[in-house]
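Look below for two forms of one protein chain, each set out as structure tokens: first structure 1, then structure 2.
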Structure 1
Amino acid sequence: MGNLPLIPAADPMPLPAPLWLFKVLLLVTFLLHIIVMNFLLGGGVIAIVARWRGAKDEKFARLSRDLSKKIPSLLAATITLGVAPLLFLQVLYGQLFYTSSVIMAWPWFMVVVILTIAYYGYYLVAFKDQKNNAAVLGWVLIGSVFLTFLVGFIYTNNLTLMLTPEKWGKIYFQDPSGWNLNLTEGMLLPRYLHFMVASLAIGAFLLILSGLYRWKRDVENARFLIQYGGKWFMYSTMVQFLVGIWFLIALPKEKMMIFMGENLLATIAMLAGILLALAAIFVMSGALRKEDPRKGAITAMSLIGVVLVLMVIMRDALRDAYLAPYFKLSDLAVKTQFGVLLLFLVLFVGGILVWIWMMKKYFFGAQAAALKE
């Protein structure tokens, strides 16, 4: 028993629904979470840059103000949409996730504290930004964005540590007090950067979406938003190719091979992802040269939407490849709780409808329309 990885037994309670349903819910809610998280992080960085350029150019100042006002709500959405995948992750991989969390307990606990500080910082900038305190609030914004990136770094640490049970015993018994990270992990840095650079690219869509929303009211500003956002998207996606390659070669060989033919789905997902991302850059660059870039921008965003789905699938395939020596999801017992599952599905659909109704009323309601004119 001595040197074998210390993997806790899975929970005695059987899964209350078929495995595939949990997997679908995990991946779908994770996708939604990652999109708003990208808006939040990318929007934060662009807000800082635009704030800096705004000293000389009013349209950048306006962009920064607009973004700063949106960020608190994006953080709210990121947290709220993060709860669901974290729940389903604990259902499927709890015995791995809790263990890695305990090993790096302090940083993991600090996520909550860091997030609270960043959150109030964002609200301070959103509610109190005036000429006389601009310098201070600029720093507050930078601080909050930094803290949000730090949260992402802690997440990457935990979710990579979770995949490598062979390392746990050594780290834990050296220091059981929870002051650990997973810094020796080879894929840590490229994996983290892969997510963060993606945030810049996807965050740029926030600008494009604002541009589309404003097109009829204020063409000039809308065009600027699409142009500027389009550039952020293109340049960061180009960088992303380099980071992606680094991530791939940082993987241990047998894990890398799942994208090189060993796992058909993962291989196709990666090839299609690369091609679609390239296509999106070309389409976007074409669109930005046009008087009306809207159609091209929408096409590029849709292509990237597909890429995101593929990336989520690849991420999941990589996770299961890492865990294959230790644990098979299909070993988990299943005993479906039909009644309450049905109740959840009904409320889920109902909740989405109510949510759409609220958003529609808010953004496209009668009075909102009147205000636009």
Structure 2
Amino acid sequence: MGNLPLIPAADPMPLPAPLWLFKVLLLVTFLLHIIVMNFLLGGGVIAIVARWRGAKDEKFARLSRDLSKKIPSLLAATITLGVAPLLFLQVLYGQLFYTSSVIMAWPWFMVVVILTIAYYGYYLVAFKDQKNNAAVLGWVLIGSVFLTFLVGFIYTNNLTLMLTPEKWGKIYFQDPSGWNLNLTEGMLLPRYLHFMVASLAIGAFLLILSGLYRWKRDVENARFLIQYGGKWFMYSTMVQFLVGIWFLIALPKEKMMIFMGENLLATIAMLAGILLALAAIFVMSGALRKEDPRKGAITAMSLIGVVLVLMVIMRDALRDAYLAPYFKLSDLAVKTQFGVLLLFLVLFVGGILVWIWMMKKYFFGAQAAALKE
């Protein structure tokens, strides 16, 4: 065993486009994926809380019904937008990602089963008679949200295991059955919570966007949505600061130092992200005290949009730092196929535009307005 290479050889087929383009596409598609994923996860938790509070307040009951109808489509959008970054990850880091996936094969395979069960649960809650099945559907919603968070936990296990090839042999030969997780990894739990708490903050923007859309038709309900969503955002972001500190100190010292000056881009991204997040909390707090909170809410969401971009950059820098002793992207062969590349870029941009148009029509078009009546 000692003479075998630790990392499987990369695919000998050269990349059909420049390396930097695949990296940009990975980061852009992952950003799109996590935005919708956060709407799904955060929206599910808020729907549970609103359902519980809806027993005494019709505003919350209406909010829970509205979110419950959106969640199945958000799950479909999350899965659809997750395909592209997963494919680009396999193109760039395939031999690493496939190995970690094989080591924890059964939990990884179960993701499809878990998502299918969660999907059915969300559809039951969205379309069954709420009055006559309220208690049962409430538990179904809780179960589906739990299963969705469980999928996130499995993904975090796989993606952290991918970063630590030195652990592969020990884990696999202790249990080659494929029923493995990466539970001994120190950064596993804070990294997972870093994503999940963020989903509550970003998921709150789904309420704010709904409030902005409804403002001219129903000011009272729209103001409630913006204010309630704003509070979810602020409190979740405050918790996120604590989780972020935990995540940072859970990293090995040499990895933590890339955010402390050793990697200029990562350091600037972290400092800017902290400052912009604090500014967003301050702006949102001021907006919620006004009769018309729209302008401040839009500004806060814009600031967090920049923070999300910075977080994606930081995540990528951390991945490269972990893999540096074992693997360098610059070693991959490249042979650009310009015709195929041009066709792909045209179809890629067109597909994103069509997807945005579909989501706008579905969530904020005439059909959505009719469902809200």
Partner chain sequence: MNYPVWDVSFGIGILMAIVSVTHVFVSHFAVGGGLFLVLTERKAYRENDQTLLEWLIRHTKFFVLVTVVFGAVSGVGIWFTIGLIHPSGTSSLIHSYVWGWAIEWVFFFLEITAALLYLYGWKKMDRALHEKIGWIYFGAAFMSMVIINGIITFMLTPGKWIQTHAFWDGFFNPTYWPSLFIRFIFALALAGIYALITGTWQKDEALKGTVVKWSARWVIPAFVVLPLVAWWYIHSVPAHVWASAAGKMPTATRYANIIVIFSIITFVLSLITLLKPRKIPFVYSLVIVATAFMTMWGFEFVREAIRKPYIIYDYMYGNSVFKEAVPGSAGMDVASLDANGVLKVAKWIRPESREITEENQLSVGREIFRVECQSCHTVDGYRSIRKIVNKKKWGFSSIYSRLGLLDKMFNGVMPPFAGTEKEKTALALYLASLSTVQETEEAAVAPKISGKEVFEQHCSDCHEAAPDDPLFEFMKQYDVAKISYFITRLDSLNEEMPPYEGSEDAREILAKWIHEQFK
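Numbering for residues begins at 1 and runs along the sequence of structure 1. Because the structure is predicted, anything quoted here is derived from the model rather than measured. Under this definition, the rigid core comprises the largest set of C-alpha atoms superposing within 1.5 Å between the forms.
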For the form predicted in complex with the partner chain, pick structure 1
Using the rigid core as the reference frame, would you say P14 shifts its C-alpha by 2 Å or more between structure 1 and structure 2?
no
Following rigid core alignment, is the displacement of the V24 C-alpha between structure 1 and structure 2 equal to or greater than 2 angstroms?
no
Relative to the superposed core, report the C-alpha shift of W357 between structure 1 and structure 2 in angstrom.
4.9
